[in-house]
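One chain comes next, on its own, written as structure tokens: the form predicted alone.
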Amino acid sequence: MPELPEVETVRRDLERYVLGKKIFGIEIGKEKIVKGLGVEEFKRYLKGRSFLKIGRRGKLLIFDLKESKKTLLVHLKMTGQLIYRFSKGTVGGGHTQKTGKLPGKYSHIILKFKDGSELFFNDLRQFGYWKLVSKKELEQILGRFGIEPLTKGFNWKGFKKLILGRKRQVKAFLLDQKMIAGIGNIYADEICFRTGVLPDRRIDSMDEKIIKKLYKEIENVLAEAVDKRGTTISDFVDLSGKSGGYIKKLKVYGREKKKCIVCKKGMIKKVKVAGRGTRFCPICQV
């Protein structure tokens, strides 16, 4: 699933290219991806409008529309992609499945802009969604998210208050979007490794020093991943030829049965924690 760094990369790329472009036509191949309004009403509402701004909350993309009382929400979920095609090439990303030709069998929504460019929403497993919401609905939805890393609101004082004394596994806490927004399986494993704690360790067994290190590593790992354009965006490059490069920095995720590249002794193990496949080094993490 695309996580905070991947979704932020998509947001930045699209904001660079699609703002102000008038939507000329809309094709919807899978009606279930459109939530809330009926498909025809959804198409009528978007046609002729343009995007003013693209925001993000956790893994959710937020498209502000010009002269509109509604906001477009797009969630990539497990296998979603947003790919923008124009005269100079393509830009975008999300999940790593190959797209092939555009549009393809998994291109379920296509926005056609007046200048001839197009925005494709591809989704292999069809868990993603597009939804138009009112300002009130938007506030309610955003209120369900926890603190947002890489913002001023993510500070030690607030994090300490949120986590201290909780009787749950540290990975389960990291994955809980009501606690912290945007962390998924890849970065939860990497954060636990960098902190030196086992993913199934209970938070109430961790002293304040370890918890402060956890706080710092959340910021460090996510900031580095954003800088590298994420881990899963490997099939797409921007006009500068940049692609997702954090995969080269992964220490445990996807490395099960391989020797730890840090301690050089432990073999990376994979178990299930919080319902997810979880990798760790039994020597580096306690």
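One rule holds for the numbers: they count along the sequence shown, beginning at 1. As the structure is a computational prediction, the values presented were derived from the model and not from experiment.
Below, we turn to the form predicted in complex with the DNA, even though it does not appear here.
Taking non-hydrogen atoms only, residue 77 approaches the DNA to within 4.5 angstroms in the model of the complex. Remark: residue 8 does not count among the residues lining the DNA in the model of the complex, judged by a heavy atom distance of 4.5 Å or less. Although the partner is absent here, residue 212 lies well away from the DNA in the model of the complex, with no heavy atom inside 4.5 Å. In the model of the complex, none of the heavy atoms of residue 149 sits within 4.5 Å of a heavy atom of the DNA. Scanning 70, 251, 59, 228 against the DNA in the model of the complex with a 4.5 Å heavy atom cut-off leaves one residue, 59.
Partner contacts here mean any heavy atom within 4.5 Å of the DNA in the model of the complex, and among 191-199, 168-176, 149-157, 112-120 they occur only in 168-176. Annotated contacts: 3, 124 and 276 all touch the DNA in the model of the complex [non-hydrogen atom within 4.5 angstroms]. Within 4.5 angstroms of the DNA in the model of the complex, the stretch 177-192 places a non-hydrogen atom from each of 177, 184, 185, taken in sequence order.
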